[in-house]
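In structure tokens, one chain follows: the form predicted alone.
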Amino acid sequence: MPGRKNWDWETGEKLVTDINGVKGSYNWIEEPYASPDGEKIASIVNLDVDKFGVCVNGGLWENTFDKIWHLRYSPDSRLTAIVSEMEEWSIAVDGNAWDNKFSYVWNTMFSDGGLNIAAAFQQDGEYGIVVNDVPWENLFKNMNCMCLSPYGPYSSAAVQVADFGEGEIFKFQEGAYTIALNGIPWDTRFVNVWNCAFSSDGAIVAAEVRLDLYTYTIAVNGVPWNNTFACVWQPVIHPMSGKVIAPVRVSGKWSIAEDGDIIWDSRFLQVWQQLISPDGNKLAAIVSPTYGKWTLAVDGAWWNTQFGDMLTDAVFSPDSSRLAAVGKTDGKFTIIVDDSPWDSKFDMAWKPVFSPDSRNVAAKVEKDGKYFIVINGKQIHKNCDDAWEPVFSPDSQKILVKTIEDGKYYRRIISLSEIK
């Protein structure tokens, strides 16, 4: 998380805002959002008919708008919202709307550090992406599966580049879709195009494509893999080698392919949400070894523990030696770490977080309508009305906990040495 070492890691408990104290000032107040550093909490508020604002730590943005939605903090703690003025839509950052206005805006996206902010827009029936208030020059009649590069201001989407009527099935099968990179479409057209991925430097773009009604593969910078499959899922790009990795379906089973070649001997009923370890030496994915069972596989070898409902939000530890995820069986969630699930069960659990030294795992969870933080399976704070995902300090000795209790928003720094 960017700038984390510059956060306040000394103040034990801080009452940031008494939310109860501002409720009477507005017609209504919407759900709150806490900044990554915990220093701010914000909500959309209604002031009058067609008059909305944003309340941050009890204070109101200077600018108001006809409508506001999708309030979100960027990774660098800037507050963004999709706003409407005079029936035109834009992005507001810390209360100031971008100069460009559109017929509609949705799907705010952030680069990993938060430097770049993007969104999808529609203007007069055509679609594009705007990045840092700079819209694509070329617009398209159809657009989905928008993507922003991890660090650079590069954007892409699956777009329609050829016209066909509802009954013109042969034109459809000739290929009418491709990927547009920064608004410039690939030369190659496909029957369908779906989710894409960027390399860290933005030089490589890969996407799921359908070559005909029955044949699927991955296209990299517009060039399809040599090998084709019965189906594919969203690719990822290896941060060191630049190789493209994707789940593929062959002969009724799923495995993993790299640059078109199968690299796992194992076969599963399903494989998806693959992830590469930080050191680049391990490849994990969520898999289904048998019908109705889910687990994690690392380099093709799957864990013993399996879940009956779902498995999601897998994450490697910073040192690449550990792996954690959220699992669900019989309607109850838990966290699984290194093939060992926590004993506690919850009504909901969020993506686990490793400490920088990889020794500890924490997660936000919900039980009986209350929220709390759990570290290594142990609850570390009382039940709260709301909470946010925890953040470890850079030295791994403390944890930041952000909660709402009895209508008051608190920011707390808890030393791990105090957790018994």
Partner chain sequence: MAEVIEKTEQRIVDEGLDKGADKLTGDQIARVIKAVLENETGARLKVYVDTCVHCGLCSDACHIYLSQNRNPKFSPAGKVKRTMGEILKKKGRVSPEFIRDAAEVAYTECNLCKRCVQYCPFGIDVAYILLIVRRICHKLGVTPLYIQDTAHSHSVTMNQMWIKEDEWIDTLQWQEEDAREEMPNLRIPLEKEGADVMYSVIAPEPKFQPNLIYYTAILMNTAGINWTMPATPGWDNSDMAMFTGDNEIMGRIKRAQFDAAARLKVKKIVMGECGHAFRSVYDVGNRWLGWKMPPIPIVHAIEFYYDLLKAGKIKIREKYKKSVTLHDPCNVVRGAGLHEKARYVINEICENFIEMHPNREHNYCCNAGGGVINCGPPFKNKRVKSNSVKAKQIRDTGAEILITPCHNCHSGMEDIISYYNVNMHTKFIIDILYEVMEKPGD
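These numbers come from a predicted model, not from an experiment. Residue numbers count along the first chain shown, from 1.
Missing here is the form predicted together with its partner chain; even so, the following discussion is about that form.
So which of 96, 321, 173, 281 reaches within 4.5 angstroms of its partner chain in the model of the complex, heavy atom to heavy atom?
By the 4.5 Å heavy-atom cutoff, the listed residue in contact is 173.
Between the options 225, 186, 198, 294, which residue brings a heavy atom to within 4.5 Å of its partner chain in the model of the complex?
Going through each option in turn, the one that passes is 294.
Would you classify residue 233 as touching its partner chain in the model of the complex, given a 4.5 Å non-hydrogen atom cut-off?
Within the cut-off, so yes.
In the model of the complex, is there a heavy atom of its partner chain that lies within 4.5 Å of any heavy atom of residue 354, even though the partner is absent here?
So residue 354 does not count as contacting its partner chain.
Is residue 31 close to its partner chain in the model of the complex, meaning a heavy atom pair under 4.5 Å apart or at it?
Yes, contact at 4.5 Å.
Indicate whether residue 371 is a 4.5 Å heavy atom neighbour of its partner chain in the model of the complex.
Yes, contact at 4.5 Å.
Interface stretch in the model of the complex with its partner chain - options 298 to 306, 128 to 136, 199 to 207, 272 to 280, non-hydrogen atom within 4.5 Å:
Looking at the other structure, the answer is 272 to 280.
Would 145, 177 and 313 all count as contacting its partner chain in the model of the complex, using a 4.5 Å heavy atom cut-off?
Heavy-atom distance to its partner chain in the model of the complex: all three under 4.5 Å.
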